[in-house]
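As a starting point, one isolated chain is supplied in structure tokens, in the form predicted alone.
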């Protein structure tokens, strides 16, 4: 799979950081998604948010090493590979956040003593990378047929020095922001599954960002639905 992902990275690599067109009626950048791209994984998806692009592959449920076996549920692992070089502290931190989100929705009890591995390859990072990784992971899990109690999505918010809220910020906007907050939400009740923050913000601003992310998640889940409808209407 590594060779396939590296090839895909070369094809789709894009380092642009300028804000592109946004989704009509929403301040999110435009999305694009393609599933079942790779032959070796059980499921795969390429997810683009503006100029940020992530390729995801899912393996499993499959045999698990005895040392990692959990008797009453599946062992879920997440591997995040940067665009260049080896994974560092930032990648390990994102892996943990993505794994916690996946574990909150994947019905691992249906496949005890097995392994489900999500491999994510960063193709280009032009802002809101963690949110894009979460969206790519969700669509790859769907493609692999992994049972989940709900879908999930990631939404990133940024607050500038004036307190202005920006959804789905670019890398430039993130760099200039006073605070950057990323939320993972489920598709059933828009319930918060995971959050991570960086910078200074008030309790009121946190609630405003969460409310904006919950509203924006409606557009993400609608895109999921339309993308899946287009795929399965062809087959």
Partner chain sequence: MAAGFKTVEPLEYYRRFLKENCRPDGRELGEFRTTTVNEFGAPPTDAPDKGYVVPNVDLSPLCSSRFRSGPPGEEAQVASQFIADVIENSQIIQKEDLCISSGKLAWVLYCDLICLNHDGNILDACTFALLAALKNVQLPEVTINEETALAEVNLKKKSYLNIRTHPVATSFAVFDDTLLIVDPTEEEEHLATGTLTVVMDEEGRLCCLHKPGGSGLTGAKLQDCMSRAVTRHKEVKKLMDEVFKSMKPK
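Positions refer to the first chain, counted from 1. What you are looking at is a predicted structure, and each value in this text was computed from that prediction instead of being measured.
Just so it is clear, the following notes concern the form predicted together with the partner chain, a form of the same protein that is not shown.
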Assert contact residue (the partner chain, in the predicted complex, non-hydrogen atom within 4.5 Å, options 79, 110, 150, 104) equals 104
Here the chain is shown alone; which of 167, 171, 193, 48 has a heavy atom within 4.5 Å of the partner chain in the predicted complex? 193
Based on heavy atom distances of 4.5 Å or less, which listed stretch (154-162, 89-97, 136-144, 119-127) is in contact with the partner chain in the predicted complex? 89-97
Evaluate residue 27 for contact with the partner chain in the predicted complex, applying a 4.5 angstroms cut-off between non-hydrogen atoms, and reply yes or no. no
Any non-hydrogen atom of residue 210 within 4.5 angstroms of the partner chain in the predicted complex: yes
Would residue 201 show up as a contact with the partner chain in the predicted complex if we use heavy atoms at 4.5 Å? yes
Determine whether any heavy atom of residue 62 comes within 4.5 Å of a heavy atom of the partner chain in the predicted complex, and answer yes or no. no
